[in-house]
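The chain below stands alone and is given in structure tokens; this is the form predicted alone.
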Amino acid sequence: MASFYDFALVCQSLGQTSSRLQIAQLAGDFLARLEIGEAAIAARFMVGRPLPQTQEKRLQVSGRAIWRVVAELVPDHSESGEEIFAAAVDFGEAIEVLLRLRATDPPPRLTLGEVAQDLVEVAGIEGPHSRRRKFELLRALFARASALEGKYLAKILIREMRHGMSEGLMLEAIARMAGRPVSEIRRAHMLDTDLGQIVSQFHPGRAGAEPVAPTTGELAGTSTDAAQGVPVQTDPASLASYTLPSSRPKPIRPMLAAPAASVTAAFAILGESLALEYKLDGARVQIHCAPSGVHIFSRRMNDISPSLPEVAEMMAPLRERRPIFDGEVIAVGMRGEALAFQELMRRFGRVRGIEQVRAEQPIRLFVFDLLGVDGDLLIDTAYRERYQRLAELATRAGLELAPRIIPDSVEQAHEFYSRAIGAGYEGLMAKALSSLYTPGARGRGWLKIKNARTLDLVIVAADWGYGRRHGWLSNYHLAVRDPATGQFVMVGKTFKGLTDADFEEMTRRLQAIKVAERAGTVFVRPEIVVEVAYSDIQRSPRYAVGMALRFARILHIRTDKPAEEADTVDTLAAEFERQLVKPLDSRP
């Protein structure tokens, strides 16, 4: 069995090179030396995936919990803990330094399979005292780990490897492992989202036929070899020995959209042969209908079927046709009007009391693409044909289509955009009629045209950064002004939007107005104003104001504006109310 220590050494080597070719070669060579099941585990771990992708939601382990677990193993750390955390390049290094304070460093005895099994066991813990039981299992795992192993255990658990190995680069590593064209590996990954399964398909130790991308039959729940119709052969250390059994369909990676600055820019990129749709403020869902049942997946490819029983009910008449829909679920009010995104989150992940919450918070489903039907996968079919077949199915089953037009002119497109913005939506989606469905890719076939919402906020504190941002104050605490008290109240954090030069300059400016520092956070006088873009405002018990910005990013540092002129709690509340209820009419 491959040792986890060897895996950690390879990860250490990856972090010491900036060459993509060398990273792919190191990882590919390592995977090729392992047994199939171990290679599948290593590929996931190397990109920071502790579990197969559709099971990751089950783990629920925070960095704070990991620190507590390790701190119990080093009872005399209390005086040095904060210093360790501040000096470390990243969280994993802080864990490694802390573990080296133990009286003895355990010899490296963990195996990849053993670590994988323990993480699956942690994910499977539910019910009374689940937090304590997870804590105990993790404590035992870290107690057996050497300091270097503990470093990479922590990195895997918080999904921040920081050694340059992205998911895309892992596909190149798998291609090197298998001696196959990287385009073939990418194609297979489009249809099977789990890197471990891709490694299993293409591993040089795999017996049987040539690897072939999955068909819709496999997407409906089988794990057979597409060429032979027999199970993929694996060794005793394979995934089947430690993953939770499942007969669920396999979700396809959702196609992504690139940004466009305006409607005019979308026409310049896509040409005149395009369709426009409202960009709904909901949650992306992928729906697989099969004779055995209806399965609903989130954007993160988690199975959320129990949370949305009404979607399964409306799809029941289509099960024999086996369609695969791409769509959006939104929360609605008593009159059918669309509500803000955070209202929808009451439904996701709920498995208990679902009938009550279903009555309290109704939803509406809008479908906008058809990825497969009657056993045929349609991702290589032009969008205009996919949509035509989608419209036929939707009409037959009474499904709602996202509001959409095929504009005759740029002027008509601008009018449609104005109606979307006027109704309170983020903007439009523009789709080339000839575009194929490219799973997981942010190509130029789909564009998103958003009307950026901005607020002028004040930085009241900042956290020291990790990894590339080590040494900079780069995670900024953002606040609005309360006109009643003159105080500033937090509404969110962000590290997005600034360049390295901006981080360096901002660190200098914030250090000059520092008033206190605790646990890696520098508190400052409220003087620096930044213009912040955000997608929407959601309710949040985390902040005293009861609201928080979603997907905040800094657009500009407002050196021209004093803190007294920053936006207020009243402005924030007004913006929240403006977005909360939006009229929705499916007719263009």
Ligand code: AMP
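Rigid core: the largest C-alpha set superposing within 1.5 Å between the two forms. Computed from a predicted structure; not experimentally measured. In case it trips you up, residue 1 is the first one in the sequence shown, and so on.
Missing here is the form predicted together with ligand AMP; even so, the following discussion is about that form.
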Next on the checklist: Given the stretches 470-478, 374-382, 68-76, 444-452, which is the single one in contact with ligand AMP in the model of the complex, using a heavy atom cutoff of 4.5 Å?
Outcome noted: 444-452
Item to check | ligand AMP contact at Leu280 in the model of the complex, heavy atom, 4.5 Å | outcome: yes
Next on the checklist: Residue-level question: is Ala402 within 4.5 Å of ligand AMP in the model of the complex, judged on heavy atoms?
Outcome noted: yes
Checklist entry - Is Arg49 a contact residue for ligand AMP in the model of the complex, using a 4.5 Å heavy atom cut-off? => result no
Checklist entry - Do Met301 and ligand AMP share at least one heavy atom pair within 4.5 Å in the model of the complex? => result no
Checklist entry - Only one of Phe368, Phe135, Tyr417, Trp464 has a non-hydrogen atom within 4.5 angstroms of ligand AMP in the model of the complex; which is it? => result Phe368
Item to check | Contact assignment for ligand AMP in the model of the complex, among Lys151, His288, His203, Lys431, heavy atom within 4.5 Å | outcome: Lys431
Checklist entry - Superposing on the rigid core, do we see a C-alpha displacement of 2 Å or more at Ile23 between the shown form and the other one? => result no
Item to check | Cα-Cα trend for Gln361 and Thr571, given that in the model of the complex the distance shifts by 3 Å or more | outcome: farther
Item to check | Inter-Cα distance between Thr571 and Gly333 in the model of the complex, nearer or further [3 Å or more] | outcome: farther
